[in-house]
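Just the one chain here, laid out as structure tokens, in the form predicted alone.
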């Protein structure tokens, strides 16, 4: 069996070098479980699903709710994205399907569709502001907020956390976005004496 390789695996060393230079911390969190859920939020199924996963489905647009090792992102009036640890998809899909109890619900494992890139630290917002039109000020887009948006013209799902941001990026765009993040971080990286900033 072939070894799994994440979409941004080739950037690990460059992310580490850029992060060590005092700039924003860049990293990839590979292989997160990602389940797309479509259900009428007013239906009994939606309530049962919230109970089954231990996290109520957020109803306020652009919000993210965390419970245990699961995060639920509001993507639309009847759509959520559930994020969990690697390997959790089969059990999570089973719980969602059982909670639906035959009601019209769509549960799709989209884990292979995207990878997760992290931009954290003091200058994280500055880096993202180079290519994202959202107002990222903490009063507007602080922890617990999420949005489908574009970063440098690539579609991403952006999630704000306590120390920075997670970006869910389509696997086919991961290298492009990783390269862009490294470039946008350059002005915030302080290279060791006599060395150039990481490229």
Partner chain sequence: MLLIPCPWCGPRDEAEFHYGGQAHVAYPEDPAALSDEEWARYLFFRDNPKGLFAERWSHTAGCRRWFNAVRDTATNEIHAVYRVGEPRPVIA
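Positions refer to the first chain, counted from 1. Just so we're clear, the structure is a prediction, and the values are computed from it rather than from any experiment.
The next section is about a form of this same protein that is not shown, the form predicted together with its partner chain.
Colleague: Its partner chain is absent from this chain, but in the model of the complex, do 68, 71 and 165 each have a non-hydrogen atom within 4.5 Å of it?
Modeller: Not one of the three qualifies.
Colleague: Given that its partner chain is not shown alongside this chain, does residue 102 nevertheless sit within 4.5 Å of it in the model of the complex, heavy atom to heavy atom?
Modeller: No, residue 102 is distant from the partner.
Colleague: Just to confirm, residue 75 within 4.5 Å of its partner chain in the model of the complex by heavy atoms?
Modeller: Residue 75: contacts its partner chain in the model of the complex.
Colleague: Is it the case that residue 148, even though its partner is missing from this view, gets within 4.5 Å of its partner chain in the model of the complex, heavy atoms only?
Modeller: Within the cut-off, so yes.
Colleague: Using a 4.5 angstroms cut-off on non-hydrogen atoms, would residue 53 count as touching its partner chain in the model of the complex?
Modeller: No, residue 53 stays farther than 4.5 Å from its partner chain in the model of the complex.
Colleague: Just to confirm, with a 4.5 Å cut-off on non-hydrogen atoms, which of 45, 29, 134, 57 contacts its partner chain in the model of the complex?
Modeller: After the contact test, the surviving option is 134.
Colleague: Mind listing which residues of 35-50 have a heavy atom within 4.5 Å of its partner chain in the model of the complex?
Modeller: Stretch hits: a single one, 38.
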